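The chain below stands alone, shown as C-alpha cells; this is the form predicted alone.
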C-alpha cells in the first residue's frame, strides 16, 4: 500500500481497511492513494461481501491535510476517491471513533453505512477557518439530515457526540462496546439482510428542511453570528445547491465555492492563526524529552484568579491545594469555585460525577507546609512587588527540589521576583487570563535565569491544562498588556475629548473585537487598572492626560460592574450596559481641568487611534525579541484579548492594511498630537522603506 499508511485484511468475507497515518490520521495524499489502491485490490477478490473502513490510534481521520491548503486545489482528488467509495459494488461501512472532523467526516459520508463508538465527536468545523467543506460535505450531509440541520451544524463549528449524530441521522448505529467487533457484526447483519450499497448521492434533500423561510432565517442568523464574514453565506450557497442541482453538478459547485472561500482574507487570516497556535510550542534550544511529572499543584491566593487557576488544574485531573492567609478569603474562594462548577453543571458542560471529582481534587490550607509536595507552585496575589517577593522567599524555603515556582503577574519584573529565591532557574511567569478556567491563553514568561528545562516543563504543563502557551521575555506588560497600553490609552483619551464610551466601544466591536475596551475595564474593575498604573507610575511617559479617565471615575467611586457604575451604568444582577449622563459629566469635567480640547470623532479615527498604537507596539516587541514570532503576538491577541480571528491578529492585520498605511497613520497622528505616543517603530519604518511585509520578515527570522 502507498507508504504503508493503508492496509487491509479479510475476515470471514469482510474486508477491513485500516488507515494508519499518525498522530491523527489526516487524509494526506498518501492516504488517498492507499485507499484507492485498497479499493482496487479488494474489488478483484472473490468472496468479499462487505468492507469495513477504520483506523489505528486514538482517532478516526481527524480531517483533511491542512498543509495542502497553500498548494493547488485538491478537491478533485477527494471527489474522485469518494466517488469510488460511494460507487463500490459491495456494502462499505465506516467505523468511527475519537474526533471525526472535516474531511474525515466527509470521508465517512461517502461510505454506505456508519457506526460510531459511544463518546465519539463528529463535526464540520470549516467555517472556523473561513472556508466551507470542499470534499462533498455540503452535498452529502443535507441528503442525510436536511438543509436546515446541515447549516446549523456548520454554523456551530462544534462537533456533536455520537448519540446526537445518530439522532440527526448521519450515523446509523452507536457502539457501546469494542468498535471493531461491533462494526464487523454490523457488516455481517447488512449482508445477511440482503442489503447492498446505500449511496448517499442517490438520496434527495427533504424540501421541508429547505423552505424559503428557513433559508431566510439562516441568512439572518449568519449576519448576526458572523459579522463581516462571507464564509457562512458561501456555505448557504453551497448547501442550497444540494437541493437545486444534480449531485455531480452540486459537487462541482461546491468545489468552485470552496476554492473561492480559500482565497478570502478571512480564510487566510484564520488559517494563519490555526498554524500560529501550533508554532507557539516550538522553542529554539528546547530539546525534546519526557514531560516533567506534575502530580500535585499549589496555588497561593484564593481570589478570583487563584480560584480559576485551581479549577484549571482540577479540570486536568491534577490535585491542587489553594492557600491563603485569610480564612475568609478561603471561604469565598471555596464558594466561588463551587458556584462555577454548579453553573457548568446547570448548562450541561459537565456531569454531576465530573463536578464531584473535580471538587474533590481541590483542597485548601493556610500553612505553606501544605505545599511542600507540590510539583508546581503558582503565586496569584495582587500586583505588589514586595508581597510577591515575600511569597517567593517562603516558597523557596519549603518547595521540593525541581518544583516550578511560577508567578501569575501581568506586569511586574519577574527577574526581581526570582531574586528573592535561591533557585532563579526554577522561576517562571505563568500569566493566566481571566476567567482562568476558561481562557485558552497562557503567557509563559522566561526570566534571565529561567532554565530551558523549566521552560519545557511549563510548555508541557500548558498542554496538560489545555492552554495555548506563548513564550515571552520579561518587560513591562510582556506581550499582551504591553500592547494594550496604547490601545487603551487612546480609548480613554478620546472619551476625555468628547466621544462617549458607547461610541468608542461600538467602533471596536463593529471591527470585531469581542468587547469594547471601556466595557472591559468595567468588567475587570476600574480599581484594578488604577492600582496597576499607580504602582507603575515611573514606567509611563510624562503625559498629564495618561489614563486619566479611569482615575476620574475611580475618584467618584465608579468601579465598574462591581459597583453598578463605571463608564456605563448597570442594574442589579444585570450586566447590560446603560449610557450614563453622570459618567459623561465626570469625564467632561476632568477633561476641562486637564485642558483637553473637545473634538468630534468619526469611527475611522476611533479605530485608527486604538489599533495603530497596538500594531506599532507589536513591531517594537518583535524587534526587541520579547516575542519569538509575529504569529505568537497574533495568538496572544486572538486567544486572550478578543481580537477577531477572522482578521488574523494585529500583526497579520498590519500586513492586511499594508505597513505603509500603518506608518503613514502613525505620522498623521504624530503631526496632530506630537511624538510622545506616535513615533513609528524602527522596524516598521525600515520594512516600509525596504518595501517588505511582516510575513517577509517572519520568514527570514523563523524561530
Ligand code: NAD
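Residue numbers count along the first chain shown, from 1. Quick caveat: nothing in here was measured; it's all calculated off a predicted structure.
Quick note: we don't show the form predicted together with the named molecule, though the next part is all about it.
Among the residues 300, 179, 462, 294, the one placing a heavy atom within 4.5 Å of the named molecule in the model of the complex is 300.
When you look in the model of the complex, the only residue of 149, 434, 451, 535 with a non-hydrogen atom within 4.5 Å of the named molecule is 434. Although the partner is absent here, residue 388 sits close enough that one of its heavy atoms falls within 4.5 Å of the named molecule in the model of the complex. Interface membership of residue 488, defined by any non-hydrogen atom within 4.5 Å of the named molecule in the model of the complex, is ruled out. With a 4.5 Å cutoff on heavy atoms, residue 548 does not count as touching the named molecule in the model of the complex; it lies far away. At a distance threshold of 4.5 angstroms between non-hydrogen atoms, residue 277 is out of contact with the named molecule in the model of the complex.
The stretch that touches the named molecule in the model of the complex, counting heavy atoms within 4.5 Å, is 316 to 324, out of 98 to 106, 159 to 167, 267 to 275, 316 to 324. Scanning 366 to 384 for heavy atoms within 4.5 Å of the named molecule in the model of the complex gives 368, 380, 381, 382, 383 in sequence order.
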